[in-house]
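What follows is a single chain, given as structure tokens, in the form predicted on its own.
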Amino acid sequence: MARVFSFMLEDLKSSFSRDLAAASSVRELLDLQSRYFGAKGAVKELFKQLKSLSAEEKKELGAAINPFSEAAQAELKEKLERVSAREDAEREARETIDVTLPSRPPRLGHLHPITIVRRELEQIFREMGYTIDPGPEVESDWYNFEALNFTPDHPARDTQDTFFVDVDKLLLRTHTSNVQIRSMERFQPPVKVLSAGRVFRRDEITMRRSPMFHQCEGLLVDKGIHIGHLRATLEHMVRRLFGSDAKMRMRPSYFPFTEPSAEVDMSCIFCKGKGCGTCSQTGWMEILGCGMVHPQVLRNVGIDPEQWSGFAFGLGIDRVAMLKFDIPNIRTLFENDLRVLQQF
């Protein structure tokens, strides 16, 4: 029986030597220490099996196990200190900052396509003497509808089109035309103001529509203003936005707050007016609505339409951005995909 335990001890020595040589990290060495010298380790288990031997055999084999255990633990401790020191040095080398290395350049932000177009529009009209007023996004019925000559039964008042706030009959503005009324109430004519900002309507999200989008509204009120001034202003804007070869045309239309009213088309920027799939082979693309300020709107803000006249126009900034940068889907403007934004 003693011979069997001698073989077991020799196997234990060989196994420990192999495992110690193979262990190359602190974690592996600590695991090795637990497997051989822990409370349930191989050496402890070997001592427990000595109970079946005689007193003389216990003494002989115990005397052989103890020197092995002491020598093996000393060897394990020495390697553990050496490997631990190496890992500490490697970790310090990884975490140390070399101040002599060149710094990493910061990632600079990019202007959003809508911001680019909005700033361009504001600059165009600043050069023509317009003031810039974004106006409030939460508005009253008076400024958003009633003062702009929307009758009580007008479809735009339907809750399917407007987000109403259930506080004092407030709503999210459906257009930037509210700034027209506020500007004419605030200032005596002549008035020249441009408003650009977010507007809200209860629309489904599609390739070309969104419940939140951006509009730009222009207003000019002065003496002797006629539709020729409106056309010249819009032609200047279109050519500044899309190039000197861009053409423009006006078609009769209807808006409650202007009379006469018109829709404005520009020559297709993709086919240069020849006709393509984007413009439905017409050579023209609709970009905005406009007209002469309705006399009743002037009266609503205390301006005498016999002495003063004016024009107003509004366009979708999102639509202009889509045309200017050839973006086919309006969702692209609101997804904040860095792969898109980094192109601007």
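Residues carry their position along the shown sequence, with the first being 1. All figures in this text were calculated on a predicted structure; none of them were measured in a lab.
FYI, the form predicted together with phenylalanine (PHE) isn't displayed, but the following is about it.
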All three of His175, Arg201 and Gly291 touching phenylalanine (PHE) in the model of the complex at 4.5 Å, heavy atom to heavy atom? yes
Among Trp308, Trp284, Tyr36, Phe313, which has any heavy atom within 4.5 Å of phenylalanine (PHE) in the model of the complex? Phe313
Between Tyr143, Tyr130, Phe242, Phe257, only one gets a heavy atom within 4.5 angstroms of phenylalanine (PHE) in the model of the complex; which residue is that? Phe257
I'd like to know if Ser195 sits close to phenylalanine (PHE) in the model of the complex, meaning any non-hydrogen atom pair within 4.5 angstroms. no
With the cut-off set at 4.5 Å between non-hydrogen atoms, does Gln215 touch phenylalanine (PHE) in the model of the complex? yes
Hey, of 257 to 265, 119 to 127, 182 to 190, 90 to 98, which bit sits against phenylalanine (PHE) in the model of the complex at 4.5 Å between non-hydrogen atoms? 257 to 265
